[in-house]
Structure formats: C-alpha cells, structure tokens
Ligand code: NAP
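Quick setup: one chain, the form predicted on its own, written in structure tokens, and binding and motion questions come after.
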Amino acid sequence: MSVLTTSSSSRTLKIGVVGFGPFGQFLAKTMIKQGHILQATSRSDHSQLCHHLGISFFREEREFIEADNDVILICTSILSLSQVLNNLPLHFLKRPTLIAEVLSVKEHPRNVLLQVVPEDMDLLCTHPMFGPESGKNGWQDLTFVYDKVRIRDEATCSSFLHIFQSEGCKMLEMSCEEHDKIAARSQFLTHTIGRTLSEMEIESTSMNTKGFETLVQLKESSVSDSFDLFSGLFIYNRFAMKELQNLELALEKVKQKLQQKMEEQSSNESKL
C-alpha cells in the first residue's frame, strides 16, 4: 500500500463515461469543472441532462467507442459489469486508451477487464470511497484507492489520477486483493449492519442516546444505496462471506454470554 503525495502533471482529457447514473453524473460534474471534455453512453436516455451539462451523449455504443476518448470510465453497477463490457465493441477503439473503472469491489472488475479489454489498452482499477452525499461539499480528505493494473501511458494515467488528487483526495495505491480484503470489513460489514437495522425498522425516538442516533444514521445511509450495490459487495467480494459468518458468530457469542449471565443472576437470587 502506498500514498500518492507528489504533484502530478495534468492535461485536459477527453473522457467517455459508460453508465451515466447518479454516480457517473456526480463524477462528471467535477471533471467538467476542471475543464475536461466528457462524452457519455448509458442504457437510459440521458441526452437532455448531458446537453445541459455540456456533455455529448451517444445512444449508439460503436459511435461512442469511436469518439476518440483518452479515457473510458466504467461507471456501471457491479451486477451489470460483465454484460456491459461484453456489449461494448472495444475492438473499434482507434488507438490505445486508458480503461478505468470506479466500482466498489476491485478483484472482479480487474478480472473481467483483463478478459475483455484488448491487450494494448491500459487498465486502471479505482474506488472513490465517497459518493454524491458524502462528497457533496467537496472531496477534500476523502479517500481514493487505485491499482495500476496495466499502465504503459503514464502521462494519461497521471492526468486522470490528478483529477482526484487536485480536489484534495487522500490517494491510496493498493492491490485489488488488498482492497477487497479491507473493504469486506470496513464497507460490506457496515452495509450489512445498516441493512439489519433497517429490517428491524429502528426509528428515532424521544429519548435517543448519541449511540442510538449513530445507529439510526447508519441505517439511513445504508438504505440510501441500492440493494444491487449491497448485494454486489457480497457476491463479488470473495472475502465478504467470511465477514458475514464472523458477524453471525459474534452475535451468537454475545447472546450466549447474556444468557449465561442471566442464568447466574437467577441462581444467585434463588439462594437469597
């Protein structure tokens, strides 16, 4: 694991976004603000929004691929990644291009990209550890994880990373495997507990403690993300199942300790 601290040279990039949902739109607004030229394609028709933002929108994927982008940025859901990439006519790319992705798991997209993307294209796996809500007031001190899976054009890669570095992100370079191992606990476990609290239908009360307020906030932040995202964190992170099992075991241990204490207390009281 390493932290990018040196200043990176930057140039204006032509960036093609695949999947122009809320997260793709969120990233695009900052990229446009920085002066980059954006183009987009998506299953849904976002042509009016793109026109408003000054982005070229392509309904035809081949036209998008042939639009001479420096970077193609994959912003699809985890569940649809394989289908989307297999449908992209990447062999029509006119020149070597940086293919980057921003999914919340890393080993799965890396493996799919290595299988699907032509060998002469560069690959960068990234995970901005923030979104439209947590990053609405800027990206200063928010974490951006990346892995240079296959990079030969260092200048283009550096310019793309500079988008996040220049906004004040904490830049962390680590392998896709290490990312998923850590994220299984820090991200998937958080979402799992939040979803569990949602199933319990916890709500704010008239006598909240600070701790309970934190639980309510965790529940609300977890369910604000789609269930597809949550299930993708489980299905495509090979370390997630172990964390789920650990959570189940830990809850059972706590339950057993409480029952044991209750039995001891009951026994003590019966002797009085």
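Numbers for residues come from their place in the sequence shown, where the first is 1. Values in this document were obtained by computation on a predicted structure and should not be read as measured data.
What comes next is about the form predicted together with the ligand, which does not appear here.
Site accessibility, open: after C-alpha superposition of the site, the ligand as positioned in the model of the complex shows no atom within 2.4 Å of the backbone or C-beta atoms of the displayed chain. Stretch 102-110 is the contacting one of 102-110, 145-153, 89-97, 167-175, since its residues have non-hydrogen atoms within 4.5 Å of the ligand in the model of the complex.
Taking non-hydrogen atoms only, G131 approaches the ligand to within 4.5 angstroms in the model of the complex. Though the partner is left out of this view, Q83 does reach within 4.5 Å of the ligand in the model of the complex, counting heavy atoms only. In the model of the complex, the ligand stays beyond 4.5 Å of every heavy atom belonging to Q39.
The ligand is not drawn, but in the model of the complex it has a heavy atom within 4.5 Å of S77. Scanning K29, R238, R43, R62 against the ligand in the model of the complex with a 4.5 Å heavy atom cut-off leaves one residue, R43. The listed set E66, D228, E220, E213 contains one residue whose heavy atoms approach the ligand in the model of the complex to within 4.5 Å, identified as D228.
Annotation for 175-209: no interface residues with the ligand in the model of the complex [heavy atom within 4.5 Å].
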